[in-house]
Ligand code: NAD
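In the block that follows, a single chain appears as structure tokens, in the form predicted alone.
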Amino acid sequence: MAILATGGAGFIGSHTCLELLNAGYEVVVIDSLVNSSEESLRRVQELTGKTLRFYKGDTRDAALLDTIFTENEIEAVVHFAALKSVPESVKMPLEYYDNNLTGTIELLKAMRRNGCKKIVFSSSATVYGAENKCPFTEDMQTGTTTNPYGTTKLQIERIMTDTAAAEPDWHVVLLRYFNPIGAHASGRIGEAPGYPNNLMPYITQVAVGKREKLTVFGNNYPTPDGTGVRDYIHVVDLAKGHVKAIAFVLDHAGTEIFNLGTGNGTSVLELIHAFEEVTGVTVPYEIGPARAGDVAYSYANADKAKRVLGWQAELDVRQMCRDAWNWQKNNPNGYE
């Protein structure tokens, strides 16, 4: 029996595939490669000494999904596949709603047709919106998302929750995770955006000389140094959380929600300075206007994941910076 990872060639997906293989699971991947590379999966197999099966395609392709379920004994699904940039979603809402929502609906329909009703969903802390106060807990009200990307995550949560309520044989885990950064300690897999939309790859691209300087979006938030505060989590810790969630979802019907974060907030400037300290590389930056859709604070209460899944983050911000730099300096052009 295998785990199907949609979007498994991406940043979080590839690290999760590695941890699933190391945990003894068979892995099947579908990925359109729109914002990822098949090379990441080749390296995952190299690092683990194990093989996985890859299908190039889109989760909106019902025929391809049926082929995957027919050709493989899929026990459960980890659903990563999505467009994922907050600022891009503000500019391209229709594309985000079409890709993220339609792709999820087609996936769930294919799962139902093929008798596989166990899924772990890659959700996001963005569903907490701007009204809730940190630290965020899973029982907080959601619904005031600040950008289309976050809204797609919220709507997918509702689609899955409603489906599980209507059909009690569904097993659903919603993982709301915070800001994944870092890379595998080997430096062989990591985050490889063409144009970075997230902070850490922007920092590393400036540090490696691909970009002249970093823009810090806003310095007048109501935070200690005026810059946005986020809960940065090492991508390897996050991947291990997915392995725990798979083990849980196999045996538990209904819907459960878990935050995956460290519980600690780090500001943009604090992250820059931590990176400079552990690498010895200066990162020039300038202050720019705040971005639409950003909030001042976002960090987790992850006690439920520790209590129920037996998971907690173990790697600190300094290690995240070290591993992100190790990946970037050894792969200055990503997987190219």
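Start at 1 and count along the sequence shown; that's the residue number. Everything quoted here is computed from the prediction, not taken from an experiment.
If you look for the form predicted in complex with this ligand, you will not find it shown, but the lines that follow are about it.
Of the listed positions (Asn301, Asn35, Thr67, Thr279), a single one reaches within 4.5 angstroms of this ligand by any non-hydrogen atom in the predicted bound form, namely Asn35.
A residue is said to contact a partner when one of its heavy atoms sits within 4.5 Å of a partner heavy atom; Arg60 meets this definition for this ligand in the predicted bound form. For Ile189, no non-hydrogen atom is located within 4.5 Å of this ligand in the predicted bound form, even though that partner is not displayed. Residue contact check for Val78: none of its heavy atoms lie within 4.5 Å of this ligand in the predicted bound form. At a distance threshold of 4.5 angstroms between non-hydrogen atoms, Phe258 is out of contact with this ligand in the predicted bound form. Partner proximity in the predicted bound form, defined as non-hydrogen atoms within 4.5 angstroms of this ligand, places exactly one of 122-130, 163-171, 246-254, 67-75 at the interface: 122-130. Contacts to this ligand in the predicted bound form (heavy atom within 4.5 Å) from stretch 75-90: Phe80, Ala81, Ala82, Leu83, Lys84.
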